[in-house]
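First, one chain by itself: the form predicted on its own, in structure tokens.
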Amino acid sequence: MSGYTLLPFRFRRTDQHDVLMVNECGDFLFLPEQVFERFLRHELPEDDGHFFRLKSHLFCAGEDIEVALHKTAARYRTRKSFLREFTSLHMLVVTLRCNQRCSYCQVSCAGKDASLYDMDVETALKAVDMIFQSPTKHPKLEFQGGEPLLHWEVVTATVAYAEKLARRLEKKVSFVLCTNLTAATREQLEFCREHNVAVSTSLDGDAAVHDACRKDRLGRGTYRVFLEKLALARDILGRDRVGALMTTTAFSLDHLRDVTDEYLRLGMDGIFLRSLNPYGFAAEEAATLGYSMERFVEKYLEALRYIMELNRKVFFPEYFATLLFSRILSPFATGFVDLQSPAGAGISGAIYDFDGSVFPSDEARMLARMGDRHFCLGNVKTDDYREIFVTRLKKLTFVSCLETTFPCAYCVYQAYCGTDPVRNYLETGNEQRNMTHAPFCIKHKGILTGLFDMLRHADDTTRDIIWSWITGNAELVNRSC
């Protein structure tokens, strides 16, 4: 019997007669079943090639157990480094008014004349004061709605005040404007250029797919005017400062290749194939817009394989896969709020509603719009930073760790996944739940299984494509053929 010590890991037997092993650091190996059994029984010779791989990836240790544990701890700290930047993303809902009424709007936006849903300047500046109490040196302010362009004076006042505070406190602040673009003026976009405000907009696909859900208040599709304003925004800000997100509905689920082609045709840098969230109008229209999570996983992986083939000719990342591949192949935190343990809600991001109410996530705010304020942490006008982000957030953090969630505690994908206590509460009435049949679990387990299958069978070009996505370096792939 060999004299090595097993270090903590989780495993899953695949249908290809091998075993996927993942340790606490997120390192992984595929091991033949027979070798895996010998390893567990301490019968694997220490001069075996598999043993060298297991030891170098911290699945076991010899007499150097203390060294191995220190290496494991260092890499684990790196994976959890998002906790040091507490809280970096701050979203301000400057108005719930919108000039559109999209079928899947998650916040049930109000009509564009409903001024009762506007954030006043005083509340916005109080929110900024609270934001700059966060220990992060790189706060990001994201303006959301409704349509923030309809309450522009609060956006400009907030940017000016945040820039002033950043200079005084020696922090580097960045801004993102989340807008459907259709109400954008040249003056507004020039302000964004002058103050380095990036624009995030929405594009669901070609005219038929986009107009199926994204309509104005009169029920007309918005694709044509969106393209006009997209061209204007790119002309003023540059292509690299204007990004787009899509939402997958029943109208687009079977056409994700076509959606991808539309993004390519319009010169987008990549695509994020995003599933539907069950909040607001999306919950009300679930029978028309919805689909099973199993079906989304199937169609997502089909589209991802198509995008992989496209990348043999052109650099075009799928951003959700990029996030997951980065978590799998590197020890570094991605900062993606949805996949963190403890949950990123409140820790990595927070949202300030138009009335000053503070929520740990956009989903918590959406739930409040549906009538349940269970996750409201307080209000910038009545509560201080410590009460909101220490006392009240702590209660949520206690129930948002995968390590104490069943069956996540034993799942091979735990190192790459996260939890959503708000979604759990919406579906079951409890922040912590058995995740076995949860849509969140079905989605991420299904996609991660597909990604590991890709990694297991990847040729050199596929591996180069994956690393080009992770590093953002298109030159890693030879596309001359």
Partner chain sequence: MLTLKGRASEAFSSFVGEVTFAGRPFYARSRAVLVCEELTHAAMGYKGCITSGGRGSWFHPHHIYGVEQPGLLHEGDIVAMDGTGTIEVLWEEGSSQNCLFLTENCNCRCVMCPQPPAQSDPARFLRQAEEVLELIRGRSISDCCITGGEPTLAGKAFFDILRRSAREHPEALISVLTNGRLFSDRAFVRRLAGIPAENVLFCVSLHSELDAVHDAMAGVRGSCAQTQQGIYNLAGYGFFVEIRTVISQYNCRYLAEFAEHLGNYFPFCAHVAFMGLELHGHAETNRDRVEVSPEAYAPCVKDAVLTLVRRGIPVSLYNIPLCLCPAEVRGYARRSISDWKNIYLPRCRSCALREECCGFFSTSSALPETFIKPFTSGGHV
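Residue numbers count along the first chain shown, from 1. Predicted model, so just to flag it, every value in this text is computed and none were measured.
The protein also exists as the form predicted in complex with the partner chain; that form is not presented, and the subsequent description refers to it.
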Look at the stretches 449-457, 421-429, 434-442, 46-54 and give the one with heavy atoms within 4.5 Å of the partner chain in the predicted complex. 46-54
The unique member of Leu116, Ala231, Ala74, Leu169 whose heavy atoms fall within 4.5 Å of the partner chain in the predicted complex: Ala74
Can you tell me if Trp467 lies within 4.5 angstroms of the partner chain in the predicted complex, counting non-hydrogen atoms only? yes
Although the partner chain is absent from this view, report whether Ala474 comes within 4.5 Å of it in the predicted complex, heavy atoms only. no
Heavy atom of Cys25 within 4.5 Å of the partner chain in the predicted complex: yes
Partner proximity in the predicted complex: Val67 to the partner chain, non-hydrogen atom cutoff 4.5 Å: yes
For a quick check, can you give me the residues of 317-334 that have a heavy atom within 4.5 Å of the partner chain in the predicted complex? Leu329, Pro331, Phe332
